[in-house]
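Only one chain is given next, in structure tokens, and it is the form predicted on its own.
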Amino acid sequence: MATVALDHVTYIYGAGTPYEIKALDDVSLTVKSGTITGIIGHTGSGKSTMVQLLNGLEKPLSGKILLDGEDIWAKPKEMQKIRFRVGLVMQYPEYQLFEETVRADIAFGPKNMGLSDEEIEARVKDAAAFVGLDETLLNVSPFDLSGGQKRRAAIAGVMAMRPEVLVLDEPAAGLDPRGRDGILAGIRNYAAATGSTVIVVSHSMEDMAAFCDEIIVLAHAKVFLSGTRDEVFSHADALSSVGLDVPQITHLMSALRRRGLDVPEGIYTVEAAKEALRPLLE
């Protein structure tokens, strides 16, 4: 497990030009080791910039990105080691598949780590299992897979490197509900089996409520709210003020309370709502 932190980080696109845009403005935060942490915010709030900073794809204009307390840019020539430790899955990673077989694509990262053939094969199979990709698909071309299967294969390729920190930018974007649930379940299985720290960017409040332990809300290039899921979603009015909202099921349960039903506050998922409503229905 590893701890990731931003220490007074500022990042500006087009710095020094008339078109400069401040993506992050003096941001300091710590992602707790071993947690699944969600990053949410409106378009342009700095979410994607932050995840690219975490594994060194971008360098902060000022401030530090810390991995277990060490500045990842202290030794720029060793950045590849950082990227093995902090694995990044970009949006729509299926467009980055390129090998002849799914097995070869998933194995690409572990091969670059210099692992033995036996270890690589074990990691390929484990990663495929984490994302729910059947072993019979490992020998087919990734371009013969369905859209959801391609997404699973691409995510498995990063998981196979066993990063201490797994960062995913909108991993369920564009998938149907079944595909989305399958991807998120696979990520949670990976976190539980490896103890890795997981950071997920999503615009879906429902996904964040069902999936994350901790949540960081970005707004106007700064941290607006952070804390446990319950702590963050308890600030419904504050979230609305920056163009976000609590999950729809929370609104439904609030409406039922206003109509006199004895249901608890702090319901953010459909499963929790079912449990709360079951005694009343019985």
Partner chain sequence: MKKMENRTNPENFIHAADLRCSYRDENGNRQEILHGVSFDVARGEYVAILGHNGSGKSTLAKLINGILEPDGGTLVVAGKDLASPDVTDDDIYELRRQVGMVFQNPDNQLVATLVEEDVAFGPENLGVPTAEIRQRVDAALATVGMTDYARHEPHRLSGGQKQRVAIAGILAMEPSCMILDEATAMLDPAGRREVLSTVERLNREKGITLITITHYMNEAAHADRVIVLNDGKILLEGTPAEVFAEPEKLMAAGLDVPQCTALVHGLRASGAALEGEPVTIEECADLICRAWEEKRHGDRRA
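Positions refer to the first chain, counted from 1. Here the structure is a predicted model, which is why all the values come from computation and not from measurement.
Form predicted together with the partner chain: not shown, discussed below.
- Annotation: in the predicted complex, residues L168, G186 and A238 none come within 4.5 Å of the partner chain through any heavy atom.
- Only one of 229-237, 27-35, 247-255, 212-220 lies within 4.5 Å of the partner chain in the predicted complex by heavy atoms, and it is 247-255.
- Looking at K75, you'd find every heavy atom of it more than 4.5 angstroms from the partner chain in the predicted complex.
- In the predicted complex, the partner chain lies farther than 4.5 Å from every heavy atom of G114.
- At the 4.5 Å threshold, heavy atoms of G195 stay clear of the partner chain in the predicted complex, well away from it.
- Contact between T43 and the partner chain in the predicted complex is found at the 4.5 Å heavy atom cutoff.
- Heavy atoms closer than or equal to 4.5 Å to the partner chain in the predicted complex belong, across 261-282, to the residues L261, Y268, V270, A273, K274, L277, R278, P279, L280, L281, E282, ordered by sequence position.
- The Cα-Cα distance between A236 and R257 is shortened by 3 Å or more in the predicted complex relative to the form shown here.
- A change of 3 Å or more separates the two forms for V270 and R178: their C-alpha atoms lie farther apart in the predicted complex.
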